[in-house]
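Below, in structure tokens: the form predicted on its own, a single chain.
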Amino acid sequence: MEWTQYLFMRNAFLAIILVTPIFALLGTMVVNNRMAFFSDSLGHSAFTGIALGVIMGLRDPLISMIAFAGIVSISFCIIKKLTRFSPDTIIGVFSATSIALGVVILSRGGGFSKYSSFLIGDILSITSLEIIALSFVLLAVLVYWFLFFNNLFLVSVNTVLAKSRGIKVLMTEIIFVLLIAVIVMVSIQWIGILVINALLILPAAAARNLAMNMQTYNLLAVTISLLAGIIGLILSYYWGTAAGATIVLCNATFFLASLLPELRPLLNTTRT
């Protein structure tokens, strides 16, 4: 295959194999908790994290991005617990405020264009060292999933029941959103702010339409995410398109296909 002749494509292929299972697993719980726009809000907060890094004179804004995303994540959990607002309302407030603050700071003096690359991302720019780092991140997520999945699932289903079982609901939620924050901030440079939320939501949403239990749900989400990632990467090479956006379109295709079993009864009724 022609695309395998290039080192940047081979690196991107390995990165897809490592990063898509991470997003798929986390996405299943994001969808369960009705936090579909949470990662989108974190993506928007990246602008403010970058801006803070610029103010502090950091060469690499990743540290400030992770720090600010962590603050946003913890604040989200605390406000959700202390108020009666729905999660989507709180997420909307944080999202709008974060992106506005970041754009205001970065646009001061006309410097916003320097950081526009974060909007699209570039998986083809990933290096061998970053792939090794991603493999450790995947391992950490798998260990976390193995140890805390039951707690996470119970919290997502019924917080009262979770408390009665001795689960610290707030701490469980905070650790989960912090994990998402770190993954999103680390991945933005390769995936892009505009499409990163779709990689969390679309595979999980498609899998939820097809799965009969949680085990199948997780397995299908990872499978769909992997397939869409690999197909999207290869298509982007031959089409000359942005890899991240092409991968998202492949995920969207899988999601639309997952709706067919639900649409069949409606189509049969219409024909009748």
Partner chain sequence: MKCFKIEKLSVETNRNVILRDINLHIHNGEITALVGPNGAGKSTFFKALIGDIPYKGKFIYHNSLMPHRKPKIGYVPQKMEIDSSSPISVLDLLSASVTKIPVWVTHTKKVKLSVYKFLSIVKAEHLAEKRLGDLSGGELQRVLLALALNPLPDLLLLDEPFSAVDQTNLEGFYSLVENLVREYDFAAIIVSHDLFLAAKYARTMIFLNHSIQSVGTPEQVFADEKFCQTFPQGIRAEV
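The shown structure was predicted, so the numbers you read here are calculated from the model rather than taken from an experiment. Residue numbers count along the first chain shown, from 1.
Absent from the display: the form predicted in complex with the partner chain. The rest refers to it.
- This chain is displayed alone, yet in the predicted bound form one of Asn197, Asn151, Gln189, Ser98 has a heavy atom within 4.5 Å of the partner chain; that residue is Asn151.
- Contact annotation: of the candidates Met171, Leu129, Leu139, Leu147, the single residue with a non-hydrogen atom within 4.5 angstroms of the partner chain in the predicted bound form is Leu147.
- With the partner left out here, the partner chain still marks one of 44 to 52, 231 to 239, 64 to 72, 206 to 214 in the predicted bound form; by a 4.5 Å heavy atom cut-off that stretch is 206 to 214.
- The closest non-hydrogen atom of Arg165 lies within 4.5 Å of the partner chain in the predicted bound form.
- At the 4.5 Å threshold, heavy atoms of Asn32 reach the partner chain in the predicted bound form.
- Contact check for Lys81: a non-hydrogen atom falls within 4.5 Å of the partner chain in the predicted bound form.
- The closest heavy atom approach of Thr246 to the partner chain in the predicted bound form falls outside 4.5 Å.
- Taking a 4.5 Å heavy atom cutoff to the partner chain in the predicted bound form, none of the residues in 234 to 260 make contact.
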